[in-house]
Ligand code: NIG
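First, one chain by itself in structure tokens, the form predicted alone.
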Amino acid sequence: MNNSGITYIGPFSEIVTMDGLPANGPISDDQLNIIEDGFIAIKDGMILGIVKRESINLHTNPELHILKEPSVCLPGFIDAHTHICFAGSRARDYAMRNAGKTYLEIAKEGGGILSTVNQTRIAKKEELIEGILKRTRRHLESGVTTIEIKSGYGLNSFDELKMLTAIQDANDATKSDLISTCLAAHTVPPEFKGKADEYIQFLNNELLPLIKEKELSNRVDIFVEKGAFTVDQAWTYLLRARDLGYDITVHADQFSTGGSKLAVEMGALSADHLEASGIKEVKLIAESETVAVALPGASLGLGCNFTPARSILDHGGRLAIASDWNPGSAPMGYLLMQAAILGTFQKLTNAEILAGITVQAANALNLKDRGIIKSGFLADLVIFPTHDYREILYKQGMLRPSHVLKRGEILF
């Protein structure tokens, strides 16, 4: 019996701690703090520290979990931007897009975000929970232990609350940590067609206070783009959200610029997308504390440019990488594969890619207790069957984890 409550897991060929990395700018692989032939000590779901085999105190009667094959350990991955609360499919949109239809043309033919809105409004909360749990399990099996999930397919009080409640209920039913974000300002709903200002006023006066009162989320997002919301409308919305105590983030510069400047001026935690960002926007983001969140899944799904991740880092910025998993523009949802592909096209180091899905992703979500293997941090760990961490990105997501731990519990 383990009277001490301490568990040691190992030995690891390499423990890639992600500790001590630069907060801003480029990161070289030789800056990674890698500990060889170590065990990780865990107690009550938290990391106690990293120790060598000979330093384990067997007199404390610990529980030992001995790995039988060469293994590399990383912090559990964090997906800082997803839309995995939805109903239905947009396979028709995908086929139309590949056949040459534009985003606006697809929307005019009944596709686009409003197509998912219609299907999500029809769905019962239980259906949404089932979908979230299915996608969350797949993420967990891939080593993703913390997932941000947005609303934004309801676009009215009843269905936005239904989505946020479904996310909360799914969080209670899974070992993953699900972080909800209110994206009611995703696009203008049919009921407010041509009345975007009135919709923003409705959100400010009715929905945002109600979500706060019900404690369904402490994060707010808005899509700043042609066909969605203008910078001025977003300013009014985010100012209200900030006054209510929400953390804020922005869907910015996906097809046109303007959103990133707003995000920086509002002190947003993150500016996400940035595929359309030019050097002016890159410099502005890089000189701020706002985390740039690259979404390679959207670039792959839409066939558009990748976020200028290399330039953001070279100018001193902070880079996170997320999947944007959604039914429309980013249906794949494999975070590690997408991060590896982004690294290839943007010439990112292994250290920059791994930081983007661990410690920098935690920063984008304002989470201070994960993303690093260090004493006092959550024992969220992903273990790969290899002796060399470089194999993980070299295999571009096809090397699967052998173990996934959440708060010290082995789930897979």
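From a predicted model like this one, the values you see are computed outputs, not experimental measurements. The numbering used is simple: start at 1 and walk along the sequence shown.
Heads up, the form predicted in complex with the ligand isn't pictured, but that's what we're talking about next.
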Candidate from Pro296, Gly154, Gly76, Gly328 lying within 4.5 Å of the ligand in the predicted complex - any heavy atom: Gly328
Checking Thr145, Thr181, Ser260, Gln254 against the ligand in the predicted complex, the residue with a non-hydrogen atom inside 4.5 angstroms turns out to be Gln254
If the criterion is a non-hydrogen atom within 4.5 angstroms, does every one of Tyr8, Phe12 and Ile47 touch the ligand in the predicted complex? no
Could you confirm whether Arg90 comes within 4.5 Å of the ligand in the predicted complex, counting heavy atoms only? yes
Evaluate Phe223 for contact with the ligand in the predicted complex, applying a 4.5 angstroms cut-off between non-hydrogen atoms, and reply yes or no. yes
Given that the ligand is not shown alongside this chain, does Leu336 nevertheless sit within 4.5 Å of it in the predicted complex, heavy atom to heavy atom? no
Closest heavy atom of Tyr103 to the ligand in the predicted complex, within 4.5 Å or not? yes
Options 276 to 284, 246 to 254, 197 to 205, 160 to 168; stretch whose heavy atom lies within 4.5 Å of the ligand in the predicted complex: 246 to 254
What residues in 106 to 144 sit within 4.5 Å of the ligand in the predicted complex, counting heavy atoms only? Ile113
